[in-house]
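What follows is one chain in structure tokens, specifically the form predicted on its own.
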């Protein structure tokens, strides 16, 4: 089997790490890393909401993404929009009407698979804040070339392979085909997409195990 730039196998994710609850200014927080991609996510709420944002039957979910340089506002807004849709699906917003839940994500370092890193970090931060959610979800990104699929790609791989596409999946634990969200950059065949889903359903088990261990460790502090 051909090794990748960072010596991983094609279906091998980078090491995961997390530190929960370190930000005392948040109701819940996590410093989360997938390899060298690192983010800090804080959760505030449910809290009082401004009148113009108020929804009488559910909580308002607000998402803010901040890069270190603040030089790519379009990237930030796209990430905010995609994350908001996923988190509104996850959270029992109807249990906290006329309130606001604010999720703020700081990108500390981007070495690839940033979207999936952010999703997984948001899940842990919401759990740390005690926000009621429908289900844990897990995100995996794939880099697709002419003859192989690489899971959890790093920036060096993306930059060196000019002719490629990318698929990001958000999966729930409910069953093997429970897709919460998917996003494709470039052209991808249905056959390749299904293969990514197959690999993702295996990879999500290791992410789920890591999340469970992280949350249990935090509870035992």
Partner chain sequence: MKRQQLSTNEQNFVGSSLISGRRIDLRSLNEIRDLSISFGSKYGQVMVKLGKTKVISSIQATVAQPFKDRPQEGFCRVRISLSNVSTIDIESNRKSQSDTLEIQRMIEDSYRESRVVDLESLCIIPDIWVWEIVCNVHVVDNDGNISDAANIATILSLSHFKLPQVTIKNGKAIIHTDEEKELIPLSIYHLPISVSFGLFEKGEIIIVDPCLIEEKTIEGRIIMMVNIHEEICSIRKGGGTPLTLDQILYCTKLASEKAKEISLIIDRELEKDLKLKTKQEYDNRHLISSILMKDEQTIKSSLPFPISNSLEETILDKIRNIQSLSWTNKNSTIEIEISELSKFTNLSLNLEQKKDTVQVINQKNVDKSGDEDENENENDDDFEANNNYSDDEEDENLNQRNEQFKEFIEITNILQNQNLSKKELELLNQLNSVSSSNNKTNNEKKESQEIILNNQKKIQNNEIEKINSKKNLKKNENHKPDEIDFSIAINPQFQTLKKK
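Positions refer to the first chain, counted from 1. None of the values given here were measured: they were computed from a predicted structure.
Not pictured, yet referred to below: the form predicted together with the partner chain.
Although the partner is absent here, residue 68 lies within 4.5 Å of the partner chain in the predicted complex, judged by heavy atoms. The closest heavy atom approach of residue 64 to the partner chain in the predicted complex falls within 4.5 Å. For residue 108, a non-hydrogen atom is located within 4.5 Å of the partner chain in the predicted complex, even though that partner is not displayed. Residue contact check for residue 4: none of its heavy atoms lie within 4.5 Å of the partner chain in the predicted complex. Among 180, 31, 167, 154, the residue placing a heavy atom within 4.5 Å of the partner chain in the predicted complex is 31. In the predicted complex, every residue of the candidate spot (25, 53 and 202) has a heavy atom lying within 4.5 Å of the partner chain.
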